[in-house]
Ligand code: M6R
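Here you get one chain, nothing else, as structure tokens; it is the form predicted on its own.
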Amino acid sequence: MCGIFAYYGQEKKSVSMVIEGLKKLEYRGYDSWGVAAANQDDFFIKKAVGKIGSYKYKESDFPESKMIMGHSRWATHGGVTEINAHPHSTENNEIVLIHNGIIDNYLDIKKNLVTKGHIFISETDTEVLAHLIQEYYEGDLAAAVQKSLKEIKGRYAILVMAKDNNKLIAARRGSPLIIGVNKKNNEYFIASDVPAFLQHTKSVIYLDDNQMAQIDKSGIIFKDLETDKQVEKRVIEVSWNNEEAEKGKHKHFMIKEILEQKNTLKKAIDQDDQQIIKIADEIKKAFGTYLVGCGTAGKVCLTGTYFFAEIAKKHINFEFGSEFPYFKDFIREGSLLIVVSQSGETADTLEAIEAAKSKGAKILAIVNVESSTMAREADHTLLLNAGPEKAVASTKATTAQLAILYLLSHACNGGITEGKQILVRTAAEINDMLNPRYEEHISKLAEKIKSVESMYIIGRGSNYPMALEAAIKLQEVSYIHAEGFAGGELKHGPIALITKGTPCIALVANDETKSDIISNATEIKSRGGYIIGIAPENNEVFDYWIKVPDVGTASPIVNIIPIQILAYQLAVLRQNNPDMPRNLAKSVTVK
């Protein structure tokens, strides 16, 4: 959600570097963008509504600059207008600032600043922070930023520049900010996500909460915002490579990432057995274990509760990150919170971690980004090893998350070897399944249903949460109204929505739920529904059958993949951008 990219170094190609960096962050979701470049004793600022990809960039449009920052905005405070776009500045461009996050107490601060003569032109909380810094600025920009941030309530990642001050200040609390370092050329890159500068350097420094970085011609120093003491930071070499973060031969990131599941599932289960066993022991002895995630990760967590119940014979609690604080009174010392997130930066899940840690609980983070906030906050971390996932709709990270929870459930039952064997076989089956003929078969279905207004998905057992996840996938990119239900719940109300030709997808596993879900599909068909079966075997109730391999208790992993492909193909047929669906962002770093 929102993108930050800044550069401090050499004048040559600095502007084009920032423009390209912002383009690499388009997957995060945004509605406007802007750039600010230091220009001798002033700043050149350009802002626009819309996509930066459509901007006809010319080097001559911008002054040469060694210090430049850019931002792609996803509107929270104020409408989508050029005035509300970042960067924001004070009178005469004395202070220029870009910001991810939300300042909760900005109205109180704004009222106070207005009484002191400050004039505001936007509707944003960000402009308020720029003016607050100006109020305290007396030549020492770092000190003014530090003093201002002590008054701020909320989450933020900010970059600040001041007139006549050749310094770039970065600070964060609750929103990601990463610094890339190229020591050879004395260059620094600051971004909200690593892929923005991956082509320039793999050497990164992760800014932690309540920390500030000051970059100038002499180098970079870090400070703790609360104690004002300098902090030593470690340079880390990231394992991702630039090719993983590019589309390559594929038209969209979404289809590229769907097809990568041939390999990412194997990488996900390539975990150290002793670490898995150690974490399984923590789960077994915990005084209450809670799975917490948001959106797709939340559906994965709900599926995990079925895995643990069926395989480990153990009760695990689940709640969405946004709702978890209302259940924090159940947490106590000895509890375990298992948080699941692709980015490791989801604001609601981070708040769940804060609530749980305040009660003395331990944290296990299952994330895709090694040095994300969740990974650093956790007592234990398991990495998805899926590589960069840039499409907003999660695909390869989803199945990787499912695989790790499946493996943990087997480890809790002393069967880690059996769990790995099932998952290795599942990965091999997915490799065979994902081929051009399979895609073509699903594309024929997409053509049949591309104009429908509504569709429904049903599942039972561990495939019930996958019915919910299927609905999310279809909603996100096709914009078709889709809802998922437990198979047995349709007759308690939703079946009233079925009319002749209404598509209904039945997720079928070859287990004890099979006969019941087929019976539910039959009820729908008898009322005119068009039944799409995703199952290992065909059935006479299906009007259209999409075959999936029979992988036993791992069925949710394979059953969701045809839905991912169908959602993608429907999006393309309906002329939607599957990588950047409207109103959505990849990493939701605000509440």
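For every residue, the number given is its place in the sequence shown, counted from 1. Since the model is a prediction, treat every value here as computed from it, not as a measurement.
One more form of this protein should be noted, the form predicted in complex with this ligand, which is absent from this view; the next part is about it.
Note on the partner interface in the model of the complex: the residue among S409, Q342, S72, N463 having a heavy atom within 4.5 angstroms of this ligand is Q342. Of the residues given (T305, T381, T296, N165), T296 alone sits with a heavy atom within 4.5 Å of this ligand in the model of the complex.
Mapping the unseen interface onto this chain, E476 counts among the residues with a heavy atom inside 4.5 Å of this ligand in the model of the complex.
This ligand in the model of the complex is not approached by T373, whose heavy atoms all lie more than 4.5 angstroms from it. A residue is said to contact a partner when one of its heavy atoms sits within 4.5 Å of a partner heavy atom; A427 fails this definition for this ligand in the model of the complex, lying far away. Residue contact with this ligand in the model of the complex: T126 places no heavy atom within 4.5 Å of it. Picking from 386-394, 490-498, 441-449, 94-102 the stretch near this ligand in the model of the complex, with a 4.5 Å limit on heavy atoms, gives 386-394.
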